[in-house]
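Single chain ahead, by itself, as structure tokens, in the form predicted alone.
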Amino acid sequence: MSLLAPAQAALRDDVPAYTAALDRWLAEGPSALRAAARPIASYERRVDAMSELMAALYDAGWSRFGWPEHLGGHGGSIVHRGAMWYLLARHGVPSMAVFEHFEVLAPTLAALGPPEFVAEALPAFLRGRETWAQGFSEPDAGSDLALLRTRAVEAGDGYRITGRKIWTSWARYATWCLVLARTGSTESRHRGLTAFAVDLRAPGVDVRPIIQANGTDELAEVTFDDVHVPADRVVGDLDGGWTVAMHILSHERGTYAWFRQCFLYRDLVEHVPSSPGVGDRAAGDALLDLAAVSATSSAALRLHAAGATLGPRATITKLLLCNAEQSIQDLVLAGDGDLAAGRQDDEVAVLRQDYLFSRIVTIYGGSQQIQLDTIAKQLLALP
């Protein structure tokens, strides 16, 4: 089914109507939805299944709501996208997989990227044909991005990028990487950074997957050896990479929590209530942790829908999400000893992967200590 123009206009202006229509479509059980909803231990096959689901959502028009029409969308706001992922979780999809970056990077590309490039790249992203990675952290520059050393040097019709990124999420599966590189001096710190959209298929790019403790290859080390990037692939302004980074982090640490909590709620209601090893008090505490995330992240969605950004307030939502993620996964483990040792079917394997991943959430995307420091200095104005 593909939506006709009158239906597009009506659903663009009415989020509850959009939600109800999409819910009916998903209830019909599209084959791509059924495939993506199955537990899949292999991360590569999980990515393939989610890519097929994204293609089905795009072809039917649903995933195009919430994105500007001049970039291939149907209009509307981030609230449409929040409703879409909410419903996908309710209809059995276990996670966003590589498309977490859909809601971390795509809003920044739409707002600050070169319009002609984004008009081509965004539909490919929406269709699941091309995915993106985020090239921020380096071996000597993790939570403090102002220390990064990957350098971009102007060269004729573009730039040459040389350097190394580490812990680059989904680079193993990505077509593009939003790379933060230094165009100013090291002493200029955050004022001398620029963001680039880099084709990971370009000569000089080397992607080496990193196998995590949970067995997935979500992370990677990416080396750029004199990689040519055309001048029209600069995202934001030259030397304006810090603004781009803050826009991204507003989503990564703020609105992303809404999308993630949809799937955490599914984990909670599916795996905890029937577990004899879980007490009512612990389950109630976990539910309250998740409610805090839901409240703050839904407020973040509305703020972004109104054209604002969260700024340092996103750190509060990030901390709440980390707490909820770990408390819920602790309950899942307490209710099923097979996660620690036992049979190896796909369902148990995925639950085990999720539990082990929850151990690192206080580090990735900015460590818990950095988040607390941000709150202390930028929100509370403490010395």
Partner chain sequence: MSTTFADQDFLSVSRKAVGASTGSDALVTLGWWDLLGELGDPEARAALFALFRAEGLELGNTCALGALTAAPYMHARNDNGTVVASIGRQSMRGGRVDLLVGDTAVDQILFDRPGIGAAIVPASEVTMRPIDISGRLAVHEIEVDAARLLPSIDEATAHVARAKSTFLGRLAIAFEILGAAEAALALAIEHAAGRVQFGQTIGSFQAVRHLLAWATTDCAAVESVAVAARDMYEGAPNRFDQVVKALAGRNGRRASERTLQVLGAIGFTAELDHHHFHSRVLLLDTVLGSSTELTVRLGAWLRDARPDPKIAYAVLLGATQQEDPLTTDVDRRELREQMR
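Note that this is a predicted model, so its numbers are computed, not measured. Residue numbers count along the first chain shown, from 1.
FYI, the form predicted together with its partner chain isn't displayed, but the following is about it.
Proximity of Ser95, Ile210 and Leu356 to its partner chain in the predicted complex is absent: no residue of the three has a non-hydrogen atom within 4.5 angstroms. None of Asp280, Glu187, Glu116, Asp157 but one reaches within 4.5 angstroms of its partner chain in the predicted complex through a heavy atom, and that residue is Asp280. The closest non-hydrogen atom of Ala27 lies within 4.5 Å of its partner chain in the predicted complex. When its partner chain is considered in the predicted complex, Arg149 lies well away from it, no heavy atom lying within 4.5 Å. Contact check for Arg191: no non-hydrogen atom falls within 4.5 Å of its partner chain in the predicted complex. Using a 4.5 angstroms threshold between heavy atoms, Asp338 stays clear of its partner chain in the predicted complex. Residues with any non-hydrogen atom within 4.5 angstroms of its partner chain in the predicted complex fall in just one of 157 to 165, 258 to 266, 233 to 241, 95 to 103: 258 to 266. With contact defined as any non-hydrogen atom lying within 4.5 angstroms of its partner chain in the predicted complex, the contacting residues in 287 to 318 are Leu287, Leu288, Asp289, Ala291, Ala292, Ser294, Ala295, Thr296, Ser298, Ala299, Leu301, Arg302, Leu310, Arg313, Ile316, Thr317, given in sequence order.
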